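Let us start with two forms of the same protein chain, each given on its own as structure tokens and named structure 1 and structure 2.
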Structure 1
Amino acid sequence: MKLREIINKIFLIEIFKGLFLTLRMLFSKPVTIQYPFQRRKIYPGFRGRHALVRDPFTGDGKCIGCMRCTTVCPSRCIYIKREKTENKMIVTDYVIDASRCIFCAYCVEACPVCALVLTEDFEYSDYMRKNLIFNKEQLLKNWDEFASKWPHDVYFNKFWQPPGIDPSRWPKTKREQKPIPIKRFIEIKKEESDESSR
């Protein structure tokens, strides 16, 4: 045993080092927050709960049933039922299994009409797996809930026009996608509820 190690053992140097570190951390700023009373700022591009974007003027989903989201999904968690009526493709059901999703947002990037979004809402855990399988109605409801909490008048998701890709390669509808007016949609829903209550 070396002389330095003997001195460390006699004078308990390592223990005093540990106590000093503990004392120093008592007076430093904490790195944790008191969730749920304190919340971190959600930055653009956060990938949270899935939602189908509701058209603010028609009130229906924007999905056209092109199947691109199902094609690019690496975890195969998107299922679409569609049928053709009068030369027009109608999406009868749109299902996302959120328990299998890896939140890569490829589906959002691939959508040519910006109909799908991973919202900034992250508080949707559940004990039952079946509650994490969202059908079309639930996905539209997710959008309604998200829109009612959104603090701004318009919404635009970062993945609708991802950086690093030449815009000339995007479909025309994706190139011309503008921020969606959130408040207008909420006003329409309020007007509808007022009319139904009369």
Structure 2
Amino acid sequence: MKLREIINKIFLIEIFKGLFLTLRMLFSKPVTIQYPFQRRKIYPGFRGRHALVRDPFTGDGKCIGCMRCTTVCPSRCIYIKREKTENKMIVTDYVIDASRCIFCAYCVEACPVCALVLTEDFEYSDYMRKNLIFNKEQLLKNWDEFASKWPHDVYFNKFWQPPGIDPSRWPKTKREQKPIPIKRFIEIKKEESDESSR
């Protein structure tokens, strides 16, 4: 053992081991994804830019103003303005401060009508902080932008449903939630946008 240590010290065995390791790494495949040109595959459950689902039948948001999302939000970044008419609650404004949001998606889980989603869109950085405070109009527009890029006809995210809770205890509307049919309001051609980024 003693002799071996001396040999290790004289012939720098450890250093040569390290050198061979780095040499092996030199010829292995790099893990880099060259971002603007290549994109990482987005996995289901990705929590990106907030959006209010535009109801394909009424053309408006589906929010009923139940205030569950504001209640559950840990960072208190959701503000709802609502007016009560005789038989209906009207949501006049719905504001999410995305610069304060921690993307826990509790609001999405709590929403009984699946009006709110966290889309898979993550490229919404801005120079102005105030542009990250989304109002209702902007949130609906976010959905339009996301929907127009969505390649399938319907959109359903299983993370809308609260995990770990028995479905029988969910709200009825939540339990019977169907995939949202996609209606593209903005036409964005995928090929074109790809070419411009190259």
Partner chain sequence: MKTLYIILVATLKTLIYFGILMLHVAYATYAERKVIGHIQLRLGPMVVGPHGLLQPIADVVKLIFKEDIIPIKVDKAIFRIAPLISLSAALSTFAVIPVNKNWVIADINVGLLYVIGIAGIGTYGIIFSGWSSNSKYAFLGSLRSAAQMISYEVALGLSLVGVILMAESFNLTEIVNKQGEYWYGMFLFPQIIGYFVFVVAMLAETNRLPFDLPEAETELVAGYFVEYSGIRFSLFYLAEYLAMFCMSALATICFWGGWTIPPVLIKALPVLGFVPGIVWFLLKVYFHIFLFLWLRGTLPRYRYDQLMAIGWKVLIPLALFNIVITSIFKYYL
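Basically, rigid core = biggest C-alpha set you can superpose within 1.5 Å across the two forms. Everything quoted here is computed from the prediction, not taken from an experiment. Residue numbering: sequential along structure 1, first residue numbered 1.
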{"item": "Structure that is the form predicted together with its partner chain (1 or 2)", "value": "2"}
{"item": "Core-aligned C-alpha movement of Lys9 between structure 1 and structure 2 reaching 2 Å", "value": "yes"}
{"item": "Angle of rigid-body motion between structure 1 and structure 2, smaller part versus larger, in degrees", "value": "19"}
